[in-house]
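Presented below, as structure tokens, is a lone chain in the form predicted alone.
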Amino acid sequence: MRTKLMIAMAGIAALLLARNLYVILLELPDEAAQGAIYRIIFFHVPAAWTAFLCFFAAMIASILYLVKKDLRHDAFAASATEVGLAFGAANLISGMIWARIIWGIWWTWDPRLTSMLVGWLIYAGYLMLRRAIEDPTERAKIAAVVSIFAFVDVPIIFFSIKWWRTQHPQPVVWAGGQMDPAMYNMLFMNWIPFLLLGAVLVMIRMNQERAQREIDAMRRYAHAM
């Protein structure tokens, strides 16, 4: 049943993305100041939102693990973090491409860019830490604490361009009236396939985590024999 659900969600995501690409590339006009390159926003921003949502879900799952001691919550936190890292990487890479065209540089130590990179490295460290601890219970407990503290960086990323005014422009999504309604709506329309894809990837990783727990349990049993 779950496999059929994942296939259906992936299919819907592919169809929506294909439809959105047609509108983004062929129907929406160029932006007055940036020209055609502005279209990267329809992938750059939804990738960031999806990453933040994954990190939030991982934090909630980590709290639930500390309360209930259920390894399924730990598996979900690890899965959501991995998927969030993938979308975070997509956000960073697309942002660098955008910056090269608009600013003439691939990277600058702007607060928004820097805080996003720091957050990405923290969550990458979370996954490395998990691999360094063999005992499942100890690994889950320590990883849960790290995940909760790691999420502190997400609000910093989100509000950084309001707190520190440097290279990165002010957001137009929440400003109101600064973005053409068709472009504004497409941002959210293109977020839907990102969310569906993210959910499918999390479910795939959950299946892998469950299989890995079973293998680890058999290995411990064999060692105890």
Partner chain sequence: MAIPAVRGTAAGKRTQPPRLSFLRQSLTIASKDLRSELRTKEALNASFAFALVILLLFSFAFEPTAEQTRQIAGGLLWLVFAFAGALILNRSFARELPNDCLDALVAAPISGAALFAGKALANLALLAAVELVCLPVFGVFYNVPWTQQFWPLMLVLLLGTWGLTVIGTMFSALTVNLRLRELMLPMLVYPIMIPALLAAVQLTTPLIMGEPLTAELIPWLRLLAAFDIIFTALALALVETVLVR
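Being a predicted model, the structure only gives us computed values, none of them experimental. Numbering follows the first chain given and starts at 1.
One more form of this protein, predicted together with the partner chain, exists but is not displayed; see below.
Contact check at 4.5 Å (heavy atoms) against the partner chain in the predicted bound form: none of T3, G11 and L25 pass.
Contact with the partner chain in the predicted bound form, defined as a heavy atom within 4.5 Å, holds for exactly one of A90, I102, L71, V146, namely V146. Residue-level contacts in the predicted bound form: of I161, I192, V200, M183, one residue has a heavy atom within 4.5 Å of the partner chain, and it is I161. Only one segment in the set 153-161, 183-191, 30-38, 47-55 has residues whose heavy atoms sit within 4.5 Å of the partner chain in the predicted bound form; it is 153-161. Contact check for F76: no non-hydrogen atom falls within 4.5 Å of the partner chain in the predicted bound form. Although the partner is absent here, I97 sits far enough away that none of its heavy atoms falls within 4.5 Å of the partner chain in the predicted bound form. Using a 4.5 Å cutoff between non-hydrogen atoms, A86 does not count as a contact of the partner chain in the predicted bound form.
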